[in-house]
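Shown here is one chain on its own, the form predicted alone, set out as C-alpha cells.
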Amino acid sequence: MARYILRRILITIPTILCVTILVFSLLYITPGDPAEMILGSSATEEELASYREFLGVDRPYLVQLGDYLYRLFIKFDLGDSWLYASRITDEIKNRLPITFAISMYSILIAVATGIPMGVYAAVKQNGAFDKFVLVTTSVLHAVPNYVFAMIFIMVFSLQLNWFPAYGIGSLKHYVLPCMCIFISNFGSMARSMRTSMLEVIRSDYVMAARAQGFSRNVVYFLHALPNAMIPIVTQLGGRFAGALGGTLILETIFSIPGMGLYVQGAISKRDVPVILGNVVFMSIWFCLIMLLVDILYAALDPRIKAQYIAQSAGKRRKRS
C-alpha cells in the first residue's frame, strides 16, 4: 500500500509541472499586449516599452518561463497581480474560504442525500420511488445550474424577497448559490449511485449470498454497497477536485467575491500572473484530491491490494 501511495505522489509532481508549463505557454502565445491593456490606448510607445520592461514581458520565452518556475517551485511565490499590484497569495487566502464554503457544503449535502436515494431506488427498482428518482434526476441533470440561478433570483429574491440576490454577508447570501450547486450535483450523484448499485445487485456473488439465506439488508448494505461505491468514489473525487473552479458562472451571477470571479476578471484583463497563480493552485488542489481518491479507491478495491501484495511477495522470493 505504501508503494502504491508513493507511486501516486511521484506521478503528481510532474503533472503539476506540465500543467504550469502548458498554461504559461498558452498565455505567452495568446495575442494581446498586457501593457496596452493596463495603461490604455492613450499611452505612448515609450510608456508602453517601459511598462513591458517593468512587467518582464519583453524578455525571451525561455527566460520568462525559467524565472516563473524558479519563483513558483523554489521560492513558493505566486507573484503579484499586474492590474491591482496585490499579492496573489493574499487574494487567494481572502477569496478561497468563500468559494470553498459554497462548493463543499453544497456537494456534501448532495452526497448525503443523493447516495441514499440512489441506493433505495436501486433496491426498489421499477417502483414508484424509483420512477420518481429517474424523472427528477433527469430534469435536474439536464438543466444547467445558471438557469436555476436566474429562476431562484426571480422567485426567491425579486418576488418573495426571502434571500439576497447578490453579494456575501450573512448566511442568507449563501442559500441561493448553494442550492444551485446542490441541484447540479444531486441529480448526477443519485442517478450514478442507482446505476452502480443495480449492476452490483445483479452480480453472481450477490445472488449466491441471497441463496445462502442472508437477509436482504445484509446482502445489500454489507456486500453490495461497498463494491457499488467504488466507481462513485472516482466521481466524487472529480466533483470535489473541480469544486473551486466550478463556481465561476455562479459567482458572476450572484456577484460573489470568490475564486471564480477573481479568475474571470484576470482573464478579461489578461492579468497573466493571476491566471497562472490560480491555475497552479487549482491544479495542486486537483492532484491532492485525486491522490486521496486513489488511496480510498485502493482501500475499497481488494484487487489493488492483492496486486501489490503479490508484487511484494514475488520480489521477496527473488531475493531469497
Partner chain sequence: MTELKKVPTGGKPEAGVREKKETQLSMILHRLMKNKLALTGGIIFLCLCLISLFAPLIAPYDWSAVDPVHKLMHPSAQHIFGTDQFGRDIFSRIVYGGRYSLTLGVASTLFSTLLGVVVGSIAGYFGGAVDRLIMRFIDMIQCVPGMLLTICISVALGSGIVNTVIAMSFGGIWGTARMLRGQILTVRTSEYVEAAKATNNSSFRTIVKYVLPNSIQQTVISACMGIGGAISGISGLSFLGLGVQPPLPEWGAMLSDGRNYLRYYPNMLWAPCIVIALTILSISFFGDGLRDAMDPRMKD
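Numbering follows the first chain given and starts at 1. Here the structure is a predicted model, which is why all the values come from computation and not from measurement.
Heads up, the form predicted together with its partner chain isn't pictured, but that's what we're talking about next.
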Item checked: 4.5 Å heavy atom contact, Glu199 to its partner chain in the predicted complex -> yes
Notebook entry, point to check: Arg191 near its partner chain in the predicted complex, any heavy atom under 4.5 Å?
Noted result: yes
Notebook entry, point to check: Using heavy atoms and a 4.5 Å limit, would one call Leu160 a contact residue for its partner chain in the predicted complex?
Noted result: no
Check: Could you tell me if Thr30 has a non-hydrogen atom within 4.5 Å of its partner chain in the predicted complex?
Finding: yes
Next item on the list: Find the only residue in Val143, Leu225, Val206, Leu83 having a heavy atom within 4.5 Å of its partner chain in the predicted complex.
Entry: Val143
Check: Heavy atom within 4.5 Å of its partner chain in the predicted complex: which of Leu171, Ala211, Met154, Ile74?
Finding: Met154
Margin query: Partner absent here, but in the predicted complex, which of 74-82, 100-108, 217-225, 191-199 has residues with a heavy atom within 4.5 Å of its partner chain?
Written below: 191-199
Note to self: Let me test this: is every residue among Asn94, Thr113 and Leu296 within 4.5 Å of its partner chain in the predicted complex, going by heavy atom positions?
What the structure shows: no
Checklist line | Neighbours of its partner chain in the predicted complex among 275-297 [non-hydrogen atom within 4.5 angstroms] | finding: Ile275, Val279, Met282, Ser283, Phe286, Cys287
